[in-house]
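Here's a solo chain for you in structure tokens, the form predicted alone.
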């Protein structure tokens, strides 16, 4: 993608999160404010200093609140300010950061607070029930599908085309839950084995319980500012260097499910803006979207950090470990940290921000890092969002 647009430089200068947990007693507004306050504190700003607010949230039905953007504006500090809400399913969290970026890059705002929140646990009988209403009423609804069925087909297709075993895919869950044990915000960090994954409950073959991220509640927030004023507030601004987002066809039965074309297109857009020509050589750390373990491998290939079908082999060789060539999901990912949808995507961006700033604590990767990528994915397997940041 080529443009002749001139963007203003944009820096991230603050970030904050709640702990990701199931069935917390806090309201969505309270969680949004907790994350926002932490982000403002890190940035050294008060709410009165913020020009615009961006809110990201997935379907209203999760929180049971209609017009959730307006509802969350109280907790996200949006009252009396220009507020916008973005929603692209599971891709919303990274789109929230992208929207924060273009509010500043366009010159419209100098200081933006971007907030993403999701409260999944109140969904009855299960949060999956919210997705009953996303299917085509003529061609799909009569089959009464759910998302795990669809992802099981995609996982099976990925395994079949690339000759990948369940054992190889389970290594993603083992890695990410181990990484999450270093993350104070994580819900399900710990040491598990490939056998633990293979012996867990079968949901829809080949998807088993430990292949899937847990239901969570949580919120995350970031502060983005114009590059001209960033160093007033921090000695270490983290620059947003590239953004990308694309949609594929919603007719998923007619697509090749073994490869995320939607992501390759979004990644190429972000890399072009960032001037990245050889992603595998130029990207130091990555947070791919991993609501299922196979999706991390799928997305690493779509991000052009491995050739088609190569990610499982590289994973086995330690290439994506925290001390590997390109550490992947050092936060623990959705598999270990939790999956409050919109907040989980922004958590990925925050993880890269902290890695580049050198303040990731026990999550900090071993190698020096200068360029990082975060990515999210959603809707009917066809939406993807990518952000590239540098220090």
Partner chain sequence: MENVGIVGIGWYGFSTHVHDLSFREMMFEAAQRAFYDAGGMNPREQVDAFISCQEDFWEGIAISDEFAPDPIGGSMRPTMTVAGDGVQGLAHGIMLVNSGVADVVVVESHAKPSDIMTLPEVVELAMDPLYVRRAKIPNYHFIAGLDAMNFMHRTGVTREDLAEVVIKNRSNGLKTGRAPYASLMTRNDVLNQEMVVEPLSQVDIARPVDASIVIVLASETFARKFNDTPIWITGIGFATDNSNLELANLGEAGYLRKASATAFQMAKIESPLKVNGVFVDDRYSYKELQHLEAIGIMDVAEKLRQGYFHSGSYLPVNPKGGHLAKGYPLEASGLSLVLDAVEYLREGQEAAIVGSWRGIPTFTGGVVVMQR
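Please read these numbers as outputs of a predicted model, since none were measured by experiment. Residue numbers count along the first chain shown, from 1.
Although it is not shown, the form predicted together with its partner chain is what the next lines describe.
Figure note: of the listed segments 228 to 236, 67 to 75, 317 to 325, 283 to 291, the one touching its partner chain in the predicted bound form, with heavy atoms no more than 4.5 Å away, is 67 to 75. Residue 183 falls outside the set of residues with a heavy atom inside 4.5 Å of its partner chain in the predicted bound form.
Heavy atoms of residue 245 reach within 4.5 Å of its partner chain in the predicted bound form, making it an interface residue.
Residue 190 falls outside the set of residues with a heavy atom inside 4.5 Å of its partner chain in the predicted bound form. Though the partner is left out of this view, residue 312 does not reach within 4.5 Å of its partner chain in the predicted bound form, counting heavy atoms only. Checked against its partner chain in the predicted bound form, the candidates 274, 305, 88, 170 yield a single residue with a heavy atom inside 4.5 Å, and that residue is 88. This chain is drawn without its partner chain; in the predicted bound form, the residue among 95, 223, 300, 267 with a heavy atom within 4.5 Å of it is 95.
With contact defined as any non-hydrogen atom lying within 4.5 angstroms of its partner chain in the predicted bound form, the contacting residues in 75 to 113 are 78, 79, 80, 81, 82, 83, 84, 85, 86, 87, 88, 89, 95, 99, 101, 102, 103, 105, 106, 107, 108, given in sequence order.
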